[in-house]
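Take a look at this one chain, the form predicted on its own, written out in structure tokens.
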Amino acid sequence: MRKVTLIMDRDYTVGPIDPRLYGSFIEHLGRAVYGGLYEPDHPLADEEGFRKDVLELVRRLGVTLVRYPGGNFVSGFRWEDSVGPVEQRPKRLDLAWFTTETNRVGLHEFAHWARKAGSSVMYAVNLGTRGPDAARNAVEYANHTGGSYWSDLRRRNGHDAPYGVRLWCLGNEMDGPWQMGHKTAEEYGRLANETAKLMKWTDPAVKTILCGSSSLNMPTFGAWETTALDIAWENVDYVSMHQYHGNSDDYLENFLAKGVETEAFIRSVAAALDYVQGKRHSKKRVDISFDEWNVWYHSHGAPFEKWSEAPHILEDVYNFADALVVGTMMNAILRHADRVKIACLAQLVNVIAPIMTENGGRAWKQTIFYPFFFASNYGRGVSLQVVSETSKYDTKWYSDVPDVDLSAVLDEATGRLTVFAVNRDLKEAIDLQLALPGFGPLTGAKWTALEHSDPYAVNTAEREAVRPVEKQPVSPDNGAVAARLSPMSWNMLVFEKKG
């Protein structure tokens, strides 16, 4: 039997875990909003038209913030279309997804939904077809108390108090040729700087997020980050990164290894940010907003009717293997909690999402729901440095891939220690041996696993094939623990402080 040894100490930490790591993303795309969050004719709709079954699942996930309203959509969006009397809001052709946007749900409605969901709003402004003036007006509308044109318009539209939106994305994926208003790094850096400057003059409390390159594999990656950030350094607080993993060739060993690419991506972006800081001899540090991350490949190229309203598009049906990859991506984020301060699982409902719905019918949890759910509920506190000795394997794309992927979190207030472990091996169980010096007396309180013999098993409204199982807790013996991880499994081991 192969084994992996994990050594941790409570004094060797990566850093505190920002609660905003457990964010998500809602774009005006497909059925994410209409039929997902909002369906006024649904039997479970509340007084504002929001589906209560979806709200309950979002609350269970523990989503702390939601990036909104895009995404590619935002690069052609007029935020003014989404406020005021609903019956007077215009329908617009959305050139990002070639659908028709009704604007029935806008800033007011989404802010109300977020409050019900226990989340905050991270709002994106259009730097594709618009610029600084529209962005600073949006800040004034959302955040200014009153006595100005836009803040008084908000009050006339029914919300007297400011919404207090603190996080603002400066556009979306502006290095992508598919983007409306695609720009060079120099063009974007100057536009983002001027926009952020006006936004902060309007409300000094806001924090801004510069668009990083839209992908690790973009030819612009690296140079884009350093060029745009150097120009906008004084007025931005975070730089975004986006990553989706696919399995186009069904080569499972390679697919399950993709978390190592997430790790490399985070390190590369952090290095670019540190380079600009050093170049400028600045005491200021800019951190990472990993505001789109997930598995996405099942629905590429799915047909739909052009210019339709809320069509069924990008509705990936996730399998068990996808959940394992999501678990390794979450682990990579936790291992870099010192630099990644915001993260958004993309997206939240129906569109490449952990939650699926039927129009007029049921809502259910996809396989990827669970790794995020348990991390969000048990991964609060301080990320610990993990030192492990494990066997490794090579694939056609990656080398030295650990058979067991690990992260660990300490809740300093309660002394609770949580270990997340993914066994990537398709056939063999692996013994996880944990050495826990310095934690004091612990008791094994919980061992939860996702296991399935079929990597392609999926959940449906009728049947939840992939669901967590509770295993016999393992208690420390003289500060050491052993747990046998099933082949191809995600695991969470929780240890509580004795006494």
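The structure displayed is predicted, hence computed values, not measured ones. Residue positions are given as counts along the sequence shown, with the first one as 1.
Unshown form predicted in complex with a small molecule; subsequent notes refer to it.
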Notebook entry, point to check: Heavy atoms within 4.5 Å of the small molecule in the model of the complex: which stretch among 111-119, 226-234, 378-386, 292-300?
Noted result: 292-300
Check: Can any non-hydrogen atom of Tyr244 be found within 4.5 angstroms of the small molecule in the model of the complex?
Finding: yes
Check: in the model of the complex, does Glu173 have a heavy atom within 4.5 Å of the small molecule?
Finding: yes
Check: If you check in the model of the complex, is Glu27 within 4.5 Å of the small molecule, heavy atoms only?
Finding: yes
Margin query: With a cut-off of 4.5 Å between heavy atoms, is Phe221 one of the residues that contacts the small molecule in the model of the complex?
Written below: no
Item checked: Thr262, Ser82, Gln347, Thr357 - the one with a heavy atom within 4.5 Å of the small molecule in the model of the complex -> Gln347
Next item on the list: Would you kindly say which of Gly128, Pro371, Gly189, Gly71 lies with a heavy atom within 4.5 Å of the small molecule in the model of the complex?
Entry: Gly71
Item checked: Contact at Leu252, Phe320 and Val458 by the small molecule in the model of the complex, all three, heavy atom at most 4.5 Å -> no
